[in-house]
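Next up: a single chain in structure tokens, the form predicted alone.
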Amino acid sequence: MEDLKEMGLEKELKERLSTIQPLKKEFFDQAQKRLDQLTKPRGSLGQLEEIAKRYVAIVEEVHPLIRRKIIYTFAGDHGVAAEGVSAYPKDVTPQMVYNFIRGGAAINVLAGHVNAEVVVIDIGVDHVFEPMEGLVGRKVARGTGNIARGPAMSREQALRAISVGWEMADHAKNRKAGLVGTGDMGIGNTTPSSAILAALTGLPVNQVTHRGTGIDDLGLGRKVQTIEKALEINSPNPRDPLDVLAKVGGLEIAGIAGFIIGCAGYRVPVVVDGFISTAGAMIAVALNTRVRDYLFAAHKSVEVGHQFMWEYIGQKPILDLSLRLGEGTGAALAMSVIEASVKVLNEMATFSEAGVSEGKK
């Protein structure tokens, strides 16, 4: 029965991936024409103009309006936390989920600042939550296995977690979200994220692994050794992104990957947050390179591997604020910049409208 379910999920994954289309040059051209008519020197708003053009091409509207913004924060635990790779105990994962629901976390503050909703998804927390408004219960398992001793999850579990992401993409589409962000919560989750990065790129583990929540030098050395051991024991196949995800990934990372794939198929622009979210984005891009065009890189984290992730994906981070929190915090802040770029496109006067003389072309 599980084999049949896995086959069905693999088939749906292929179908979802097949719906992702390349962006059309005509929409870039129309947006560029509009930008060049606005009362400013051509190209003077730099990256804002590039963001506006790509937003137009994603949604295929020359005068788009961002009516609703939603951040989806996926939460899951990690068996590898038992190896002492984090400065915080595993109990913090469910405690922070409660904090999200109460509105007391950084993501709640920053999402409120940019008028974005927050949806929290329990995709794999090792805790039984009572039904709560604001918490979407989609637990695939009570955390992953310890990757230093075996695979994080089965291929079928990885696909189930990806399908939770699709469901959240369906939610975003049905809510008519004009911009969505990814977020994460899970003690120990920088370890599988570094493992995914090393597995997909072949980069040395010590080059892509950092301090996560703030471990000391001894802890960092232990973390590097743990990831090296995980890659040796599990031998993830870099040519099979699902194999990498199942063997050394995380449930929330899988959910984020599925969410990104679903949103790209629906032409919903996705703002990818930090190190863990970008690990999910790497899996999505490895499955279909067209996905990268639908992503906005929220920021560059202080995690040393994050720059390599963005290079792999091929997107330039919007912000560099030395963030390393996750939750969707960087995505919330970057949403403000993306919305500003769209407002420039829509609300600035053209030279003819303002009666301003144009410069020499």
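Note that residue numbering follows the sequence shown and begins at 1. What you see is a predicted model; the values in this text were computed from it and never measured.
One more form of this protein, predicted in complex with a further copy of the same chain, exists but is not displayed; see below.
Of the stretches 233 to 241, 110 to 118, 168 to 176, 274 to 282, only 110 to 118 has residues with a heavy atom within 4.5 Å of a further copy of the same chain in the model of the complex. Contact annotation: Ile20 falls outside 4.5 Å of a further copy of the same chain in the model of the complex, judged by heavy atom distances. Of the heavy atoms in Leu135, none are within 4.5 Å of a further copy of the same chain in the model of the complex. In the model of the complex, a further copy of the same chain sits beyond 4.5 Å of every heavy atom of Ala52. Contact annotation: Lys14 falls outside 4.5 Å of a further copy of the same chain in the model of the complex, judged by heavy atom distances. For the candidate set Ile313, Ile58, Leu333, Ile70, a heavy atom within 4.5 Å of a further copy of the same chain in the model of the complex is found for exactly one residue, namely Leu333.
Just one of Arg142, Lys229, Arg290, Arg102 comes within 4.5 Å of a further copy of the same chain in the model of the complex, counting any heavy atom, and that one is Arg102. Shown without its partner, the chain has Leu333, Ser336, Val337, Glu339, Ala340, Lys343, Val344, Glu347, Met348, Ala349, Phe351, Ala354, Gly355, Val356, Ser357, Glu358, Gly359 in segment 333 to 359 as residues with a non-hydrogen atom within 4.5 angstroms of a further copy of the same chain in the model of the complex.
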